[in-house]
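Take a look at this single chain in structure tokens; it is the form predicted alone.
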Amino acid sequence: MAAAFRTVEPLEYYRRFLKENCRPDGRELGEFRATTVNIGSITTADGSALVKLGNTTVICGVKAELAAPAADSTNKGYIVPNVELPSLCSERFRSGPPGEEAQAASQFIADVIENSQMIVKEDLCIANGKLAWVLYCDIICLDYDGNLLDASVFALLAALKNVQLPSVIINEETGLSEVNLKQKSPLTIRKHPVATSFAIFDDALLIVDPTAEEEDLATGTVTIVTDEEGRLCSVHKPGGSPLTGAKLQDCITRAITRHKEVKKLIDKVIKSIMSK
């Protein structure tokens, strides 16, 4: 009977749970789904991570290549993020060129990288005007069940912390670059941005880490990105219900708490890898 009611009147079904300050999956309104991270999953990448947020599964692989810096920024490298939502991750996506949601997610990731200054592009320069690193960050969703942005930012951060770049010098006699694969050093991560997403129900109620079903029923969503200093890096709100200043402050406070949880999880996994 409950399953039939959920199918016919999904919003009303949710409202009955929300009145009791809980959700159909048993979570409280401010509770995240179980989160796991696996670092170094792709051996052919220069850095990688797989993140599971409930059923939502995202993998990020980072490939580092050498290129000449742009003429207007001779002392900077490049970071090129790309989010893919293949048809295998959900029936809502189709094969072919990137859809609107994938393009919006790619732009969001690019904005987070820029606004948070997690990587300073000057750090990717090897020789001014001659040589710099290009980091291709491919984020692929393997299983989609809502809250793609949180999982993508988490996977990107964990993958970048896994990157080891070889030593590169330019031979002054020949002018050619010489790569020493035996001498590698980790990427300099300046800031650690973490995203926390909320769904807004009936223009008033906030629930954290929405599933795909909750996102579809919500009247709006908002994503807050903070760094380890509690600094606000980004607020992403693609239309929908407006938020009061007090509600937005509640979101930021929860996002700061979530940042500590995510940072602790990444540090724990990196520590376990280092000790092997």
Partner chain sequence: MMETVAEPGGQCRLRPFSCEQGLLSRPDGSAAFLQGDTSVLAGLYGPAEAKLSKELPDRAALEVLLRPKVGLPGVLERSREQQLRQTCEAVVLGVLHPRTAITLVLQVLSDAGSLLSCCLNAACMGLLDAGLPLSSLFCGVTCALGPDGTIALDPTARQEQEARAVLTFAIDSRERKVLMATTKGSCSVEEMQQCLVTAQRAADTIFQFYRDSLRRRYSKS
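Please read all numbers here as calculations on a predicted model, not as lab measurements. Positions refer to the first chain, counted from 1.
One more form of this protein, predicted together with the partner chain, exists but is not displayed; see below.
*Asks:* Would C233 sit within 4.5 Å of the partner chain in the predicted complex, counting heavy atoms only?
*Replies:* Close contact exists here: in the predicted complex, C233 approaches the partner chain to within 4.5 Å, heavy atoms only.
*Asks:* How about Q107 - does it come within 4.5 Å of the partner chain in the predicted complex, if we only consider non-hydrogen atoms?
*Replies:* It does: once the partner chain is placed as it appears in the predicted complex, Q107 has a heavy atom within 4.5 Å of it.
*Asks:* Hey, in the predicted complex, is G239 touching the partner chain, heavy atoms inside 4.5 Å?
*Replies:* Within the cut-off, so yes.
*Asks:* Would Q249 sit within 4.5 Å of the partner chain in the predicted complex, counting heavy atoms only?
*Replies:* Close contact exists here: in the predicted complex, Q249 approaches the partner chain to within 4.5 Å, heavy atoms only.
*Asks:* Taking 4.5 Å between heavy atoms as the contact cutoff, choose which of N115, S73, S90, S177 touches the partner chain in the predicted complex.
*Replies:* It is N115 that has a heavy atom within 4.5 Å of the partner.
*Asks:* Which of these residues, A45, I39, I59, L243, gets a heavy atom within 4.5 Å of the partner chain in the predicted complex?
*Replies:* Looking at A45, I39, I59, L243 one by one, just L243 meets the 4.5 Å heavy-atom criterion.
*Asks:* With the partner removed from view, which of 98 to 106, 157 to 165, 178 to 186, 128 to 136 is the stretch that lies within 4.5 Å of the partner chain in the predicted complex, judged by heavy atom distances?
*Replies:* Among the candidates, contact is made by 98 to 106.
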